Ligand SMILES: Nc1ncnc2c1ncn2[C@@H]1O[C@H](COP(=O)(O)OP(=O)(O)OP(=O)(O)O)[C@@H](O)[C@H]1O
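Take a look at this one chain, the form predicted on its own, written out in structure tokens.
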């Protein structure tokens, strides 16, 4: 991994954009991918993530701006002159060559005669040493994907670009490959830039995630920071599930904001609010479903002081093994989602039961109420197909 403080291997995009006629696929953006990091471009179809990747690869010419790899301006270099390799969803392995020769192909094309040790080392890295003499069709989808990664890495690129590389795999295999790719990246220590529409995939694998929406970077940060501190309703909804409650600023109490929601009050740390907090102003109060506790109304007196609380009635309950997912109708918000771990299940928590929802104010975040409550939810964004995907 990167051990020096210089930026000799960083990928830097400065003001790059891409337009096709009157359609803007990528608005001018500034982005730096640190050397040795695992970086994800995450967003729905049509958000511009694949176009951005293709501009780094040299497969698309930026309309404006520059692409730099370390100190080198590669904006106008053809793909084969850039120190990058790309792995696509379709592995594009040569069916007539065995696995050894598929991986050796790039070295042989460059005129390197002695390839045996390099190929064997690379096959060991992707844990396919025993499969060297098999043909691609004899391998599983996950194994074929690892061959594609090995073939790309053997050329020692500064950057490996991954375009939806796990999209063709079934769920269980995809999760295995997420961990496998993260292991490989950690071992080789080169920069991986990974395009995906799968939130869980990005959060499992990447050190840093850029959430894209409508050709722009909506928010950039670590997976935990994006999840815990979303700065827009799009990010709050696109990364997992968020309950968003419309409230009004009442007063300030030290570092906290006191909000009115329905007939009750909610407390929000001012540091976790990205909206204006003038008295009488509107704020969207956000809380993740797993942060909420659910107590039967008969036991409301046992809830500790200082917690945010709302009353409601259970509309639906779904047992999914590790947790039960509840839908609760409340006077301030219909269909609040609450996820409760199945540790000690309360048999009274069934549809129709009156309940109190409560949580720590520290888990609350605040967003600008001028935004759409539905931004980032299924069907509300990313309806256009990705241009040049």
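The structure displayed is predicted, hence computed values, not measured ones. Positions refer to the first chain, counted from 1.
Here the subject shifts to the form predicted together with the named molecule, a form of this protein not shown in this document.
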item: Contact of residue 47 with the named molecule in the predicted complex (heavy atom, 4.5 Å); value: yes
item: is_contact(residue 16, the named molecule) in the predicted complex, heavy atom dist at most 4.5 Å; value: no
item: 4.5 Å heavy atom contact, residue 164 and the named molecule in the predicted complex; value: yes
item: Close approach of residue 367 to the named molecule in the predicted complex, 4.5 Å, heavy atom; value: no
item: Stretch in contact, per heavy atom within 4.5 angstroms of the named molecule in the predicted complex, of 65-73, 324-332, 343-351, 22-30; value: 22-30
